[in-house]
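Before any questions on binding or motion, here is one chain by itself as structure tokens, the form predicted alone.
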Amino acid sequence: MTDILKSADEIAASIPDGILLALPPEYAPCAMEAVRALVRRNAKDLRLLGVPQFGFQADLLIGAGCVTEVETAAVTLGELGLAPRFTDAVKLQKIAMRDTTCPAIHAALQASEKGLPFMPLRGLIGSDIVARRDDWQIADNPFGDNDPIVYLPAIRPDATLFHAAKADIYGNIWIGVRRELMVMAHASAAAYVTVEEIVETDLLADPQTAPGTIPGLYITALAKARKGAWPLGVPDLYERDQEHLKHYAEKARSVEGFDAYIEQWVRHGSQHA
């Protein structure tokens, strides 16, 4: 049974230190209220997996000292430039960086989802990334001649964390078209979700919502968090708060500015509209 918790802080309290934590891209709903709660509880030694990349949420955790390792295709604030706390952490060797690609992350998670030890993938041979990954192997295609291919070990996160528009009282989560969230939940040992609302109806019983719903079987715990993705957005509900993200990008350029941002917007709880 899915645990229905009272708050994002309870979600954060359920996520242990030192785990491999999968986070979604910022164009999928991100559990920012839970991320802030992780910072407030001083989470430590998290290894972050970007599925397949991330920006603001990872930069916040890295700057707050919650992270020791990142595996992702990119960490960026998009049009606002580099993710400053991530960039400094890499330069100063405060975190380990495991370079990868978007297809490689998806393929490795799909291997775990299917119960496979590895997944073959094309398009990597000859790249600098392969040279940096001693856990990837180049081997012959057993069904062809002179056809080398890269074998990626399955990735099984200890937990995944994301936000969604709604859940039901049975623990089912409606994600719409964001299918990477379903793969993340399937592949992970645990899944934690914050949602805008919890409805009384069974989302899996409605043919309109069932195709985009993750069964509660795969969800460890959920909690209601209104505007829980802020300052990022949720499709059809609210847009990204671009002015706030710009404010963060400016403040986070320095350690002092980042610390001031954390004190105002995280330590004392979120103050979104």
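Predicted model only: the values in this text are computed from it and were never measured. So that there is no doubt, residue numbering starts at 1 and follows the sequence shown.
Below: the form predicted in complex with another copy of the chain, not depicted.
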{"query": "Heavy atom of I169 within 4.5 Å of another copy of the chain in the predicted complex", "finding": "no"}
{"query": "4.5 angstroms heavy atom contact with another copy of the chain in the predicted complex for E200", "finding": "no"}
{"query": "Contact flag, W174 vs another copy of the chain in the predicted complex, heavy atom cut 4.5 Å", "finding": "yes"}
{"query": "G65: touches another copy of the chain in the predicted complex, heavy atom cutoff 4.5 angstroms", "finding": "no"}
{"query": "Partner-facing stretch of 224 to 232, 57 to 65, 37 to 45, 209 to 217, counted where any non-hydrogen atom is within 4.5 angstroms of another copy of the chain in the predicted complex", "finding": "209 to 217"}
{"query": "Interface residues of 104 to 135 toward another copy of the chain, as seen in the predicted complex [heavy atoms, 4.5 Å]", "finding": "Q110, K114, G115, L116, P117, F118, M119, P120, L121, R122, D135"}
